[in-house]
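First, one chain by itself: the form predicted on its own, in C-alpha cells.
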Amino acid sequence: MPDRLEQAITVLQTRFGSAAPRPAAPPCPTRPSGLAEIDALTGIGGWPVGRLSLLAGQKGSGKRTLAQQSVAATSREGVVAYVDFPSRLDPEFLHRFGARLDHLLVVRPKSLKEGMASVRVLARAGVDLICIDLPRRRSAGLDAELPHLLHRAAEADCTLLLVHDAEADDAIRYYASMILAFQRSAWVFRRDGDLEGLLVDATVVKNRLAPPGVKRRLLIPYPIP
C-alpha cells in the first residue's frame, strides 16, 4: 500500500475511529480437499479452517469418497481423524489415496454424545482435520452439540467435515459455513474395466466465505488398486 494512502487512513482513523476505512480481514485459511476442482469450487481454495463444511448427497453420490480423499490429502501434512459412526472405513482405501496412516486416528463411537466428546478432545489436542461420517439415523441431538463443537474447532484451528444426507436438518445447515451438495451423474470405467470414478454434479448450496450457487460437473476419482 502506498505511503500516502497509509497516512491518509491513519488520519481518518484518528478523526473518525471505527467509522474510518480499515484493511479487510485476511482470507480464511484453508486445507486442501485433495481435488483441484473442488478447491476451485469452494471459492477460497479448499475447506475453511476452524469451521464446519457439510458434504451432502444421497447414497452413492460421491460425498464420502471425496471426504476420504480430503482426509488423505491433509494426512500428508498433519494429523487427521475420522469419526466413523457407520463403522465401515477402510484404511487401505485411504492408503491408496496416498494417506499417511501413521497420521490417521479412527474413532468408532457407540453414541452421538461419545463421538462429539471425542471430536472436541481431538480438536483441542491439535488434530488438523476431523471428518465426521454421520448417517441421518444417528444424528438425533446433533443440533445441541454443534455450538460447543464449533467453538472448540474455531479455538483450535481445526477443520471439520461432516458427511451427511442430502436432507440435513436446518440446524446443521445453519451452523455449516459451507455446504456442497452432490448428485451422481454416471459411473466412469477405465478401458480395463476397473472403476475410474464417479461423474457428479456438485453445487455450492451455502458459502459464508465466497459466492454460493456455483455448480460444476466433475470426476471424483477412485484410487488405482
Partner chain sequence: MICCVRTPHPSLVAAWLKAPVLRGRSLVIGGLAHERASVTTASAEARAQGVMEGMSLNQAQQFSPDAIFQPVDEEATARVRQSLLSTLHHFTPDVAAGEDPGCAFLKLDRLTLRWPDRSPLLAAISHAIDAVIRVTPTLGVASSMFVSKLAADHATVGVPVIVEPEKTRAYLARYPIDVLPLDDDLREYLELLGLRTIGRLQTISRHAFRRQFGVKALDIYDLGQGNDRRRLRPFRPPVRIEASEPLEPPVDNTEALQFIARALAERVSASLLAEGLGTRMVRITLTQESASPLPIEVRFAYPMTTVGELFDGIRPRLLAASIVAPLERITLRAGRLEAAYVRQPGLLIRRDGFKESIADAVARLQEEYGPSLVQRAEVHADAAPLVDHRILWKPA
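Positions refer to the first chain, counted from 1. It should be emphasised that the depicted structure is a prediction, and the values quoted were computed from it without experimental measurement.
Below, we refer to the form predicted together with the partner chain, which is not included among the displayed structures.
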May I ask whether V188, R191 and G197 each come within 4.5 Å of the partner chain in the model of the complex, counting any non-hydrogen atom? no
In the model of the complex, the residue from I172, L41, A156, C28 that sits within 4.5 Å of the partner chain by heavy atoms: A156
How about R108 - does it come within 4.5 Å of the partner chain in the model of the complex, if we only consider non-hydrogen atoms? yes
Taking the shortest heavy atom distance, is A144 within 4.5 Å of the partner chain in the model of the complex? no
Would G126 show up as a contact with the partner chain in the model of the complex if we use heavy atoms at 4.5 Å? yes
Any chance H151 has a heavy atom within 4.5 Å of the partner chain in the model of the complex? no
For a quick check, can you give me the residues of 91-113 that have a heavy atom within 4.5 Å of the partner chain in the model of the complex? P91, E92, H95, L101, D102, H103, L104, L105, V106, V107, R108, P109, K110
